[in-house]
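Heads up, the chain below is alone and in the form predicted on its own; it's given as structure tokens.
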Amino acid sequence: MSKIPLKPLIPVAKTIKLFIGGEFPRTESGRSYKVSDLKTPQNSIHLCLASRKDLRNSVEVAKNSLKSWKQKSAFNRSQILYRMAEIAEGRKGDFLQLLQDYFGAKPDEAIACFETLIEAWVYYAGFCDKIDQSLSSANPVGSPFQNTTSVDALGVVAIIGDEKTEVAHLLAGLAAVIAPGNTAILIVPGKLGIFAGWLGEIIATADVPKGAINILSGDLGELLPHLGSHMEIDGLASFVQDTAANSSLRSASVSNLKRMHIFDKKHTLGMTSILPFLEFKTLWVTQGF
């Protein structure tokens, strides 16, 4: 019996979509934009250009998922974040390839970026069950009351980067936001959108509740005004380096008293990155005389 000669396989091009509610929908607008491979420009990826309706859908599912994510034990959230890091380790090659092909990173630069990301995810995984112990308190008051302060998640937080944002620092910010129980909408504009598929597939297989993390690729200028004015978004985590864009975002947030925190160019691991996305609740209980 003669053998059939094997031909080289044609690579299967990856389709990168949005990630909303634990699923991978295309944008409802049907629009896309092109990102080219720096080494072989003819190899282009067409990414979804998210619309205002896609943003509304993301906010809705993030709001609906807030209770289930927040009510998980701190230890369980820690396990899930650690699981994300585990899965990412298994997909290290894809991450490095994206950085080198589309951002022109050198191999050692790509490896350093990946290690920064994994360090941050593991760090915040370990921090999940330390937040309450570190920040809750019994307060001395000069009256017959027991007075205690506890912490709670802020709510739905939009995390925004731009094309100057290092992906490791943006995704470290994502971990800081979700660690205490917030749900997130991650905006990855321009070339950063190539990581939407990689990250979405990790989240989808890491026991993250559907809707707790959502990812939109697209044009920052189009989405920014709606992020600021949306009444159901409780907080904004900005990694945007453009001062004018941040000012515009803050102005759009004034009418609904939205919490906004602008991160430095380099994400700093620690409580200072979690604090902006917490609420402090004080309870007064009458004591017997």
Partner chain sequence: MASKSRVVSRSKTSKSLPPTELAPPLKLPEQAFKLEYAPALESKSIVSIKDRYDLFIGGRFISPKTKKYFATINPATGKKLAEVAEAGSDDVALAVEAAKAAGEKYWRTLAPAGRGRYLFRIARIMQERARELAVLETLDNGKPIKESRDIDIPLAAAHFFYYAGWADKLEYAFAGHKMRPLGVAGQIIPWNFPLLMAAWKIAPALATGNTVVLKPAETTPLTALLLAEIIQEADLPPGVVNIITGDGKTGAALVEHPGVDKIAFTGSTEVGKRILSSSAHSAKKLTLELGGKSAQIVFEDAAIDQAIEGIVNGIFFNQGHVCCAGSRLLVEESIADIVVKRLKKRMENIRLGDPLDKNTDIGAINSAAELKKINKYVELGIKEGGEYYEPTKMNLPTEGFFRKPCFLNQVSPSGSLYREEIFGPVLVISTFRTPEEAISKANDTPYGLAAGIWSEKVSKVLDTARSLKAGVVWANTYNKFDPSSPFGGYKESGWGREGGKHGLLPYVELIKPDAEEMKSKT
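For clarity, every value in this text was computed on a predicted model and none was experimentally measured. Residue numbers count along the first chain shown, from 1.
Below: the form predicted together with its partner chain, not depicted.
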- Every residue of 99, 135 and 247 near its partner chain in the predicted bound form, heavy atom within 4.5 Å: yes
- Message: Tell me which stretch of 220-228, 52-60, 255-263, 32-40 has a heavy atom within 4.5 angstroms of its partner chain in the predicted bound form.
- Response: 255-263
- Query: Here the chain is shown alone; which of 201, 109, 129, 89 has a heavy atom within 4.5 Å of its partner chain in the predicted bound form?
  - Reply: 109
- Work out which of 125, 168, 194, 85 lies within 4.5 Å of its partner chain in the predicted bound form, going by heavy atoms. 168
- Message: I'd like to know if residue 116 sits close to its partner chain in the predicted bound form, meaning any non-hydrogen atom pair within 4.5 angstroms.
- Response: yes
- Report yes if any heavy atom of residue 94 sits within 4.5 Å of a heavy atom of its partner chain in the predicted bound form; otherwise report no. no
- Answer for residue 23 alone: is it within 4.5 Å of its partner chain in the predicted bound form, judged on heavy atom distances? no
- Task: Classify residue 251 as contacting or not contacting its partner chain in the predicted bound form by the rule of any non-hydrogen atom within 4.5 angstroms, answering yes or no.
- Result: yes
- At a 4.5 angstroms cut-off on non-hydrogen atoms, which residues of 135-149 are near its partner chain in the predicted bound form? List them in order. 135, 136, 137, 139, 140, 141, 142, 144, 145, 147, 149
